[in-house]
Structures are given as C-alpha cells and as structure tokens.
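Taking the form predicted on its own, here's one chain by itself in structure tokens.
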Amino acid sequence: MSLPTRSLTPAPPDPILGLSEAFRADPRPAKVNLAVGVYVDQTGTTPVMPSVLEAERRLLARAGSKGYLPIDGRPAYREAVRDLVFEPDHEIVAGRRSVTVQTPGGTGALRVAADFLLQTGSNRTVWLSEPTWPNHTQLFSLAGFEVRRYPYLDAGGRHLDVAGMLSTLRSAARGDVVVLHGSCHNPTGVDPDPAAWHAIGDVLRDRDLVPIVDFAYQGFGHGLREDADWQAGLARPDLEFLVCSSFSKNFALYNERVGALTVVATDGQRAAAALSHLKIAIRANYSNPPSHGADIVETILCDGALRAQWETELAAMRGRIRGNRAALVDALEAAGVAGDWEPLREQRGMFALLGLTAEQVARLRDEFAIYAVGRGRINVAGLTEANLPRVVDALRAVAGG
C-alpha cells in the first residue's frame, strides 16, 4: 500500500501564512510585512497585554488540575463569552435561547459550525462574500459544502454593494448557509450599516437561510458594543443563527487558540437540542478544548477591575489602528497616489483592501520588499512611523500618481 498519488505532489502554500514564511526568508533589512493579520505595536512587536499577564499570574498562583475539561468547555467561560457577545440583559440571554461551546480559536468554531450543520441535515451549499478570508473557502469545502459567492463590494471597491448582495441572497435555496462577517470585514474593512443589516436580516428570514456570523474582531473596530451592530438586523426572535467568536485579536492570544461557537435558537428547548449535537461534533473532532487561553479570558471577563483594564488596553490598540488608517490616507493623498483613498479612513478593523492588481502586489514584494495579500489587502496595524513613508513611496511607484 502507498499514500494517495495526490499526497505526493506538494500543495501550494497558504495564501497568507505562506507569505509570512517568504517574508521571514527575505534577507532585505527594510522589508515590511503587511500580510499577516496580527496586531503589532509601534516597534513591530505583537505584545502580551498587561491584563493577560496579570490573569496568568493569578492562574499560576492557584495552579489547578490539568484534567480534561467538559466537551463544551467550562460553564463560567461559556457564560462570560455569551455575555460579551450579547450583554447579560439581552433578550437572547434572558430568554435562555442560546448555547455556547468553547472551541480552539475562531477557526475551530467555524469548523465545528460546519460539522454541526452537516451532521444535522443542513443544505450542503454555503454562501461566502466575494472577497472573503481565504480560509473560509478551504474550511467549508473540506467540511463537505459546495461554496457559492455573493457580491460584496461595489464597482469602485470601496463601498458595500447592498443591492447586489441582497439580490444574490434572495436567489439562494431555502436552508442554504450564509457566512457573514460580524464586523471588521476581512479583507475589505467594509461593514454594513444598520439599515443594511436590517435588510440582510429580512432576506435571511424570508428565504429561511442559516446565518453564520464570523465575529473574530469584536472591539477592534469602533468598540465592543459598536462592533456588535449586526445584532440590530439578525438578533430577532424569529431568526436562528450561529456566532463564531475568536479571542486571538482582542486578547492578543494568537497562539493559545481560544474561541467559541454560540448557537441562537427560537427557544431554550431547541437550543438545548442543538447543544447535544455540538458535543458530538466536538467529541469526534478534538474531543474537548484546551484550558489555558480560556482560563485567561474567563479570569479577565469575570473580574470587574481586570475587565476594565483589558477594555482600556483594547481601546488603545483600536485607537492605534484607527490612527494608522488616518495617517495612511493622509500620506497617500499628500503623495498624490492614484486612487480613492478617503473611504479607508472610516472603515473598521485591521484590514484595508487597496484594490491593486496581482502584478502590482508582486512588484511591491519583489522590488520593494513590502508584503501584501491578494488584491492588496494590508494589515493597517503593521504600519509604523518608520515604514509608512516607504510603503507610500512604493505604492506611488506601482499604482502611479
């Protein structure tokens, strides 16, 4: 017996993490990595938040057991995450019509969501925005879904194509799955406004579609509650949906792989039934979740003073990202770089889509040692006072001015 023939042919590198490998191998001293979606400070370092360090100190001091966690994670963690997503007095929480399970990161939440839906008889078609995070396509395809696309940006590439998005979703078959970015859309930074969210919710309800909200950047846009504005359109009593949370960004817990999946049903009985199937999906995949990252998040969210400290630190990270957006737009306009840059100023989150061609992105990498993804998706947090002038000069060289 031998391995399958295809397994002996090297697969292409991951479109984002593969670029990071190429960046590390690049010997040029002035190289700039704007590809990977990791927050960095002014020195280019991904810091550990002081609130996280304090939580770890407390955890070490009480050093509990390393025994298995429950399949769905610790109850206090699950409740803290639910309340972070919805707030404790939300109708969904008060009505006990949601269940939350701990997962290994937001990616793990997405995979559990995919497995849960398919094992319980979901349609096998999933709709993704065009463009979307590249791993969405790979993840849902390997889980067994057929991937289809709905338009997201208008012709100018700077604003949401609400009409095109709604028209396409109206053509979806009843029971199809739709993945939506809750805030800080990756890769564009373009989010629906409240009116658009209401219209999206109406189509989802009327067409009986199943929404998965990828909520990976809560607090990285305009604020913890402001970034949950999608709930105004989706969190309604007659609409069931799933929410995938990640704490890689807002707690800077990238290598701890901590996240959660929340299922919202129309009543508590349906939610409890869903939980039983979620546990099967988890048991067959990774059996039960890791503890350390979730213990950190639980410790912070369940302590008033520590949570206030974390929110202050998160606000500082968010402020730096927004400041970088403004600085980038000002510099591009001052340098006369060809393009419509002003909309980038008020977009949300770490990512901005510059709208470059593949050839222009390749030139940025090959000629200027500046790494971006796809059509010029950049991590705005990767900009610093030291590298911004070089980035703008390179963009002027490849885009014209």
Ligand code: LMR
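Just so it is clear, the structure is predicted and the values come from calculations on it, not from any experiment. One-based numbering along the sequence shown.
There is also a form predicted together with the ligand; it is not shown, and the following applies to it.
Trainee: Could you tell me if F351 has a non-hydrogen atom within 4.5 Å of the ligand in the model of the complex?
Mentor: Although the ligand is absent here, F351 would touch it in the model of the complex, with heavy atoms inside 4.5 Å.
Trainee: Taking any heavy atom pair closer than or equal to 4.5 Å as contact, tell me whether N186 reaches the ligand in the model of the complex.
Mentor: Contact with the ligand, yes.
Trainee: Should Y152 be classed as touching the ligand in the model of the complex when contacts are defined as heavy atoms within 4.5 Å?
Mentor: The answer is no: Y152 has no heavy atom within 4.5 Å of the ligand.
Trainee: Since only the chain is shown here, I'm wondering whether A22 would be in contact with the ligand in the model of the complex (any heavy atom pair within 4.5 Å).
Mentor: Close contact is absent here: in the model of the complex, A22 is far from the ligand, nothing within 4.5 Å, heavy atoms only.
Trainee: With the ligand left out of view, choose which of L69, V36, V40, A369 has a non-hydrogen atom within 4.5 angstroms of it in the model of the complex.
Mentor: Of L69, V36, V40, A369, the residue with a heavy atom within 4.5 Å of the ligand in the model of the complex is V36.
Trainee: Which of these residues, W133, W310, F116, F220, gets a heavy atom within 4.5 Å of the ligand in the model of the complex?
Mentor: The option sitting close enough to the partner is W133.
Trainee: If you look in the model of the complex, which residues in 366-391 sit within 4.5 Å of the ligand (heavy atoms)?
Mentor: Read in sequence order, the lone residue that approaches the ligand (within 4.5 Å, in the model of the complex) is R377.
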